[in-house]
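Two forms, one chain: they're shown below as structure tokens, one block per form, named structure 1 and structure 2.
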Structure 1
């Protein structure tokens, strides 16, 4: 019976107990066999789970194990060769790229800036967004809205969505030592998931937050950024600036099962699954 093992970050990862990842059983006449471990981004995790389920329907003797923990965990898992694929929902930094042999873009995602539906503001510049999320702009009248205090809603530290958002908008900047510092206002309401951000923004007056474009619905109001709508077409065209890739990373030669899983993800069938909530790359 096929099974996806959904496992959060545990001491097992830290202790390297995943060193058996990628191990496969002897092939049989019935087809592909083995085990594939994917560890990392919680933003990529639900997509990985759906792709794994579809792949195992076709290959019932392969087990795909999906682990969370965040993009940082995924990058380290690839660096240390303790998973077949590390996953990340942000671009790799230059120093990280130097330590990763293979980087596969499996999907793209845009991060939409969302307001409560009653807000009259329709467009913000990247600099205005930065000033709001760092607490420099605190009233909607400063950006053409009503005279009301701005309520900032953010994701938790370690979130791939937050990492992408603060880097692109320059809410996060390097200090004198070259270390990236996240300057999100301490007054922000911090939420642990995309759904929690959306619910908070939808039900709290004068709020502003950010969620994946794929999670947009009519409960919140997505605004333009630099005059550009938050749409999939604009992300693929490179016009919408707050966007990110979904990456699979590897520092090892892929096992037959891992290669087959990657091939499936990038196939028409796999990319059709991606297209349900995100932006296909093939």
Structure 2
């Protein structure tokens, strides 16, 4: 008796789950249905979410799921075909490029170098930034500031922002064997997100950190790099040196819904959304 009961309950539960998964929505005016999964970079995530919600307003029967995890996760998701798009906030390495069929640049982002607002330094060269982040320059007076020790704030190992930053500033350099070595000083505070870097730099005297230009606000002071202001216009013009692409990666034939989403992102409407926080590419 009880066995029948247990089996019955289990079956009912299982069936419930299955039907929930298999449920299909009826096509509407645009005719598009389906689900698009985008997984990867947490830098790209807020943009993806905004693009997705605008797209779903037009195509109510398409569900777009945005997952985080990081650029590493995004590249892996595209390689293993477990998402329609993997997203990355850094250029692919050569060996990664070989494993991924399609790469779409959906936006560009600049990385701003930020100081706590009380700091008097306003301009650093790429080389000075490199010296500071590798621990060769340790006092603000060496770069025209007050006599105070420099507190370097970095992102965690593997972060896309860190990857972009160390590569462009040459903090990461190829050694004799040709492998890139990240020489960020061991005396750096490490914070696991853009927000945490911003809070740390804003509230700690003598700090220097880096965040995406899209995340800049009044709590921290962005400096000029090589005499160029950290603005979106300067990134797009190619004048501002520390910038990076936002990529959507795919290894499969795009589904109609995924293709439509990509077309939407690269359309004038999509790029207008990109332009709110980042730099449009079309």
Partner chain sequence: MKAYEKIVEKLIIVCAIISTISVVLITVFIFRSGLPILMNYGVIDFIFGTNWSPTNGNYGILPLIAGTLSVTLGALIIGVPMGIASAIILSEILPGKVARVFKSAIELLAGIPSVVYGFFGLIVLVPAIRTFILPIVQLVVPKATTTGFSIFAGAIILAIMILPTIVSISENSIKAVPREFREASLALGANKMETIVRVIIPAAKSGIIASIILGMGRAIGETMAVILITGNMPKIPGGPLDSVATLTGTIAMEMGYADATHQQALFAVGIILFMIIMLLNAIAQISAHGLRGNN
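Definition used throughout: the rigid core is the maximal C-alpha set that superposes within 1.5 Å between two forms. Positions refer to the first chain, counted from 1. It should be emphasised that the depicted structure is a prediction, and the values quoted were computed from it without experimental measurement.
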Same chain, two copies; the copy that is the form predicted alone is structure 1
How about residue 94 - superposed on the rigid core, does its CA move between structures 1 and 2 by 2 Å or more?
yes
Taking the rigid core as the superposition reference, indicate whether the CA of residue 69 shifts 2 angstroms or more between structures 1 and 2.
yes
